[in-house]
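Before any questions on how it binds or moves, here is one chain, the form predicted alone, in structure tokens.
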């Protein structure tokens, strides 16, 4: 029996990792490297993720996997400091005193109440039909929404900001609640998450799994069952397919309609720039949210989190989401997007251009679902009504109400378990 896994991101790798040695596995990834959203650049002698990554203490499956692969010595827990740029100034947002300096006292009191209330909610299901905006205003008032949450929602969801569910917001607050008096406790693998991806791929191959580069253009169905896939024009027979691609991509490559499933899940894209710099930009801020008229929503100075000595240079991410293929951030050439970012960075940090040694830009159209109200009803199952077709990815239950590396690992594991029950 042969299972073909479409996509070599974390969900696909986790599925293959669990199935290898129990079934004949062929994993197909269209990019030159594995990892999907967790893949890395090779810069000189080091690896650095194309999109910023860190993990949380609650990411138990991911932490267990790191230990299982013998990589726990690389996992370190560090302080992740945050800040807020508005009114032409950076405000650190880590200690109660710093937050009081940035927001009016009553906003701080109401924001604290909102966080405590969010952390106390165990069942987020009823909040799937309420917008985040409604819940924030009802709980903490319009001032907290306008001064604190509106810029964050705008940076993450753009024009969709008022459609996002309160369930997403609650999940976001709960996952980000591991905060001490000086900052948030976050995990990172020294040397980068490339070592995790490489080790997973190596173990899959050692257990007899096959990993190939290729583009799947069609999934073939006959009599309601999987018969094979077409990869770079060649037919490959198989008994099962695990698809990790976005639902709208799956609809384009499959021979039939998907019975009983709502495939109308909106996705948004990301344009994430990585800059190699000659010197430090911010004093002690890792993650800076922006309330300013610039074409990006956040600045992440990676080497304010991981020591500069790991790389031999300063590293900074600049990132934002975009909502459709008509966005200038998608249609423009790389150099034009970087030019837009540099103009904005000069506005925030005068003289920034002179400190840039090199840059990289990664753009993807399907980097995150838009967690609109009612999204909970659209979550796709691991097993479909088409015999032999299974699904795992950002659209799975483990990635709602907030996607994460851990959520993708869980999705891959659960999908593999569903397949194994079919044996």
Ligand SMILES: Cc1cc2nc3c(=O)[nH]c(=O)nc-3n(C[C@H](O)[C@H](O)[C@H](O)COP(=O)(O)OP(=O)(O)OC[C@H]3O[C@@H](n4cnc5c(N)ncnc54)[C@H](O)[C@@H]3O)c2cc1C
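Residue numbers count along the first chain shown, from 1. Not measured: the values here are computed from a predicted model.
Beyond what is shown, the protein has a form predicted in complex with the named molecule; the following relates to that form.
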| item | value |
| --- | --- |
| 4.5 angstroms heavy atom contact with the named molecule in the predicted complex for residue 394 | yes |
| Proximity of residue 31 to the named molecule in the predicted complex, heavy atoms at 4.5 Å | yes |
| is_contact(residue 367, the named molecule) in the predicted complex, heavy atom dist at most 4.5 Å | yes |
| Non-hydrogen atom contact residue 270 with the named molecule in the predicted complex at 4.5 angstroms | yes |
| Listed residue (158, 191, 141, 214) with a non-hydrogen atom within 4.5 angstroms of the named molecule in the predicted complex | 214 |
| Of 359, 375, 51, 382, the one that lies within 4.5 Å of the named molecule in the predicted complex (heavy atoms) | 51 |
| Per-stretch contact check against the named molecule in the predicted complex, the hit in 76-84, 243-251, 127-135, 330-338 (non-hydrogen atom, 4.5 angstroms) | 243-251 |
| Those residues of 1-15 which, in the predicted complex, come within 4.5 Å of the named molecule by heavy atom | 6, 7, 8, 9, 10, 11, 12 |
